[in-house]
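Only one chain is given next, in structure tokens, and it is the form predicted alone.
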């Protein structure tokens, strides 16, 4: 009896010691599906290629002061402060739930310094529930990005996560330093509150999509590694456009809180 051949994976990354394989072209943006179990209440996790944890810092972080969500025409701004219990506590509290998920888990790390980055990566080396690290590098230059990536090199595949608007040379430096893939994160923005105070945060929504698509086109011409990209994806046509532009995987954010089935119910074709 001849076994039916399995479809080729959408994305495979390896550090030489540990691999991550994505069978579907979707991941969630960090923070949009909770820490693990709570995500199942609104999204069928099996429809994703991998699950991305909320941003994790070495030490605990408390929520930002309100307001934490501000709406604008075509977009919204999140200012959360990336609250989390700190990496050691998160590993204790959630590693079993991550092991039970039907898809690989990518831990998103908030990185400050190379020493801190190395300490966080070392804590994850022996955690089999985590298949890859997404390195939140923040707004850094090329040399800083490279130093942070090198500090995390080890057994776990690395994805360098940089905000939309980051120069191409910074993405390139992260890839050259050892990141097996790059991810385009939400851009930074600011909005006034009704009282006139300015709030800075991360921008999401349909208005972001043209900028994300342009960024993928630019990076795909330069980088030798796969690209994960999202921003303003609320339907299959936008997801398909990102894939055709060169994104290997589409990152979903706001749509996961509204109508996830609009995107997760479809499979964009390959390039």
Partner chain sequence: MRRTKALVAAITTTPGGQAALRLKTAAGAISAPGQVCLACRTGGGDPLRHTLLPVALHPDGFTCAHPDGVRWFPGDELDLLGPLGRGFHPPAHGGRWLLAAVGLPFDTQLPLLHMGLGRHAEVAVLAEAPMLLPPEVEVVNQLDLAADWADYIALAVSMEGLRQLETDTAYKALKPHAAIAEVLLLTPLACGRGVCAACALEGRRHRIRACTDGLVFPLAEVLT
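Residue numbers count along the first chain shown, from 1. Model, not experiment: these values are computed from the prediction.
Quick note: we don't show the form predicted together with the partner chain, though the next part is all about it.
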**residue 75 within 4.5 Å of the partner chain in the predicted complex, heavy atoms** = yes
**Message:** in the predicted complex, does residue 63 come within 4.5 Å of the partner chain, counting heavy atoms only?
**Reply:** yes
**Prompt:** With the partner left out of view, is residue 262 within 4.5 angstroms of the partner chain in the predicted complex by any non-hydrogen atom?
**Reply:** yes
**Message:** residue 14 versus the partner chain, in the predicted complex: is there a non-hydrogen atom within 4.5 Å?
**Reply:** no
**Complete:** Exactly one of 59, 217, 69, 237 comes within 4.5 Å of the partner chain in the predicted complex through a heavy atom, and that residue is 69
**Fill in**
Heavy atom within 4.5 Å of the partner chain in the predicted complex, from candidates 227, 213, 27, 33, belongs to 33
**Message:** Quick check for you: of 164-172, 75-83, 141-149, 103-111, which stretch puts a non-hydrogen atom within 4.5 Å of the partner chain in the predicted complex?
**Reply:** 75-83
**Message:** Using a 4.5 Å cut-off on any heavy atom, which residues of 200-235 would contact the partner chain in the predicted complex?
**Reply:** 205, 206, 234
